[in-house]
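Before any questions on binding or motion, here is one chain by itself as structure tokens, the form predicted on its own.
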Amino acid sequence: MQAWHFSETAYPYLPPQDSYPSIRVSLPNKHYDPRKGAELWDRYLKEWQIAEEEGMDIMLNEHHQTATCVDPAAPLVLAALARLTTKARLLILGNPIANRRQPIRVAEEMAMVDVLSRGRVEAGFVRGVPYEISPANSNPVRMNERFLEALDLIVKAWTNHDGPFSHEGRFFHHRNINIWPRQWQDPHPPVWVSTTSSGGARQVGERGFIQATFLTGYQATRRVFDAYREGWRAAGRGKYVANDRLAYAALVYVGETEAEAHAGAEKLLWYVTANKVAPQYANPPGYVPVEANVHMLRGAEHPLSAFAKAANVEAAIRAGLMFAGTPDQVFNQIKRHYEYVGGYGHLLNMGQAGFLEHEESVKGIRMFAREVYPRLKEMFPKTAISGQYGDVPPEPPEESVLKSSSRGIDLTRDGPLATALGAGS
């Protein structure tokens, strides 16, 4: 298993939650102190460097007009990390290409950073969460189609070396595509796609890209991974899928004692508890299928409120959203989740959030890297075959926190849960 240190680079110094309607999109930037922000960026960059020193790889993402993630241009930070590090793989997960109007610019940016890092870039792409629609002045309708067209065009730009070609698509039009510089890795950097829906995962599997899913617990993760495997086989890529094609992101904190670990994990949960979002940003018209909206209008619970039920450490651990405790406890939590979903080759560790201080973040990184990571690499090699389920209950009762209790609909299947849980598509 390959582990990546991930931070949403939050700015937590905010007024009381009841004084503003939404932490995303509309929170006035008068609440951002650039001096405090610069100090935070110093520590976040240092924490990524420490993760590299401890043998972990690096992951980052971007969001817009929000205090939950003050990295609105992840390629810039990726370029900085390309020069601050020397050996870690650098995963950007990701580029919200359904909201960007120039896919070729994205291809150029990733190629440039790949050269700067001498071939250490892993290029991840996301549809983008609903909160990004307004900041991007984008259209929430047909985002999946835009996403796939942009992704295919980026890969073509990376792999065409014989001079300019043109593209006349449904959403994008380019007359001269001939990117310079050419990326270091051949044929191109590894491509990741984040999705938390079965339909999206099936399309990712058909293309053979690496599938990542965020904070989806037990059942939803298993469905996503199974759909990926179905798409992989349907495209004729072979009967079996190696674990290195699948990734899972969770909140992770390891301490010397359970009490110490839970204290750190409680601070990590700021990511969940601070995510106060006005309804017009959480579910813009056209972003999710009509059926999901109809069920919510009939009384099914919105996934944002369902997710909030897991907003304490014990419930988050039971649901598989968080791995926290002593090294033995965290190893066993990951093992249980791994076996239930059929295996994965990448663990994306969100090890910093909210008011978790630098020393606490560093201790969590080091405890995981030294006491848990070696055991994971030994027991769960990336090249293992995915889809082999362990001896675990067929339906963990903990998953009830991620299900709607009304009308019998499970909104984690293909509904808007992805929109509630970070950077999924």
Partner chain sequence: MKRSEITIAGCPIEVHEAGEGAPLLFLHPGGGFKADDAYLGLIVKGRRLICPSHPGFGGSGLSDWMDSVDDIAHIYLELMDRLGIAKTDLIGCSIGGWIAAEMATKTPERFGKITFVAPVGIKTGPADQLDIPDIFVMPPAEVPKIMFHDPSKFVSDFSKMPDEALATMVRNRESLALFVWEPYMHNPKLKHRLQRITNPVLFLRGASDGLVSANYLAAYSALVGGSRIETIPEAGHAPQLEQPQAFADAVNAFLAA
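These figures come from a predicted structure and were not determined experimentally. Residue numbers count along the first chain shown, from 1.
What comes next is about the form predicted in complex with its partner chain, which is not displayed.
Between its partner chain and Arg101, Ile133 and Tyr281, in the predicted bound form, does every residue show a non-hydrogen atom at 4.5 Å or closer? Judged in the predicted bound form, Arg101, Ile133 and Tyr281 all sit within 4.5 Å of its partner chain.
Work out which of the listed stretches, 335-343, 201-209, 181-189, 283-291, brings a heavy atom within 4.5 angstroms of its partner chain in the predicted bound form. Checking each option against the 4.5 Å cut-off leaves 283-291.
Just to confirm, with a 4.5 Å cut-off on non-hydrogen atoms, which of Val115, Val141, Ile177, Ala80 contacts its partner chain in the predicted bound form? Contact residue from the list: Val141.
Of the residues Ala73, Ala259, Ala234, Leu297, which one places a heavy atom within 4.5 Å of its partner chain in the predicted bound form? Flagged contact: Leu297.
Since only the chain is shown here, I'm wondering whether Arg170 would be in contact with its partner chain in the predicted bound form (any heavy atom pair within 4.5 Å). Yes.
Determine whether any heavy atom of Asn137 comes within 4.5 Å of a heavy atom of its partner chain in the predicted bound form, and answer yes or no. Yes, Asn137 lies within 4.5 Å of its partner chain in the predicted bound form.
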